[in-house]
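Here we start with a single chain on its own, the form predicted on its own, put down as structure tokens.
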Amino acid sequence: MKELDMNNQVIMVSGISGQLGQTISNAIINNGGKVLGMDVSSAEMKKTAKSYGWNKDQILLQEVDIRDKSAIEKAFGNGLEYFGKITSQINNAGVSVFAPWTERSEKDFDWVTDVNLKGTFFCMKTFMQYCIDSGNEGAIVNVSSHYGLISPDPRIYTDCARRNSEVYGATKAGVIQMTKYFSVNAIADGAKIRVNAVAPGGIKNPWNPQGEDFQKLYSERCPMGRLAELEEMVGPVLFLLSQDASYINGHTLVVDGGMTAW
């Protein structure tokens, strides 16, 4: 990733313990920024922070279930008190279910919808209201998925139980639509803010590797012939937060090796 000057930046990152959340947060910190990190498990966040060597001057960890609006607001307030400002937001937290749609329970459907859509909205609302009240400029990057644009190809999931679901794709499409909506309406309502999204394609998982057949078949399906490396998602996210993207608003940057271009 090209070095970006993130000095004086304090960025809220949800889902910080996940593979993408921690990789992005580490890049922010390595480039001089500070992070207000949120996730559902304090223990996992502390484990992550220790593994990277983050210190208390660089990051504030807050245990938050983003389905709880009041918990987000409290954590955000703690971040403001701790750092004095919040300049940007990365809405990365997301969940999925992997059972066949014929076995989908209402409970599982609601869980994915509540985290991926309602939780993302609550996070955005909190930050956008802060920008309106404070008059500060800001930027939001929402993490969607290429499966918000296309459907998973069932033929490539021969040895991989993590077949993405209908509700996951629907919520990630919803994230793209909310990105468009607030890129227009947040400004109209007085927020000096840009709202964009990234839509990653399949990412190689070093901690829980996908099946060998899946990796082979996915790679054959992708024009670039491989899954993404985790670090290849960092630059697009940080670019959209940066001043280099100062006139980019309402855009979804698809980072999928051309998968959606077929």
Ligand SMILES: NC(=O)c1ccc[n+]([C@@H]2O[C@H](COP(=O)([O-])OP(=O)(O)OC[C@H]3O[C@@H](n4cnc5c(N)ncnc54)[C@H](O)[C@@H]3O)[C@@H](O)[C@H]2O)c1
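What you see is a predicted model; the values in this text were computed from it and never measured. One rule holds for the numbers: they count along the sequence shown, beginning at 1.
Only in words, not in the display: the form predicted together with the named molecule, which the text now covers.
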### Message
residue 65 versus the named molecule, in the model of the complex: is there a non-hydrogen atom within 4.5 Å?
### Response
yes
### Message
Since only the chain is shown here, I'm wondering whether residue 242 would be in contact with the named molecule in the model of the complex (any heavy atom pair within 4.5 Å).
### Response
no
### Task
With heavy atoms only and a cut-off of 4.5 Å, decide whether residue 254 touches the named molecule in the model of the complex.
no
### Message
Within 4.5 Å, heavy atoms only: does residue 236 come near the named molecule in the model of the complex?
### Response
no
### Task
Given the named molecule in the model of the complex, answer whether the residues 61, 90 and 128 all have a heavy atom inside 4.5 Å of it.
no
### Summary
Note: exactly one of 117, 176, 167, 95 sits with a heavy atom within 4.5 Å of the named molecule in the model of the complex, namely 95
#### Entry: Answer option from 143, 75, 186, 140, heavy atom within 4.5 Å of the named molecule in the model of the complex
143
### Query
Of these, 52-60, 39-47, 26-34, 189-197, which stretch puts a heavy atom within 4.5 angstroms of the named molecule in the model of the complex?
39-47
### Task
Check each residue of 178-214 against the named molecule in the model of the complex and list those with a heavy atom within 4.5 Å, in sequence order.
200, 201, 202, 203
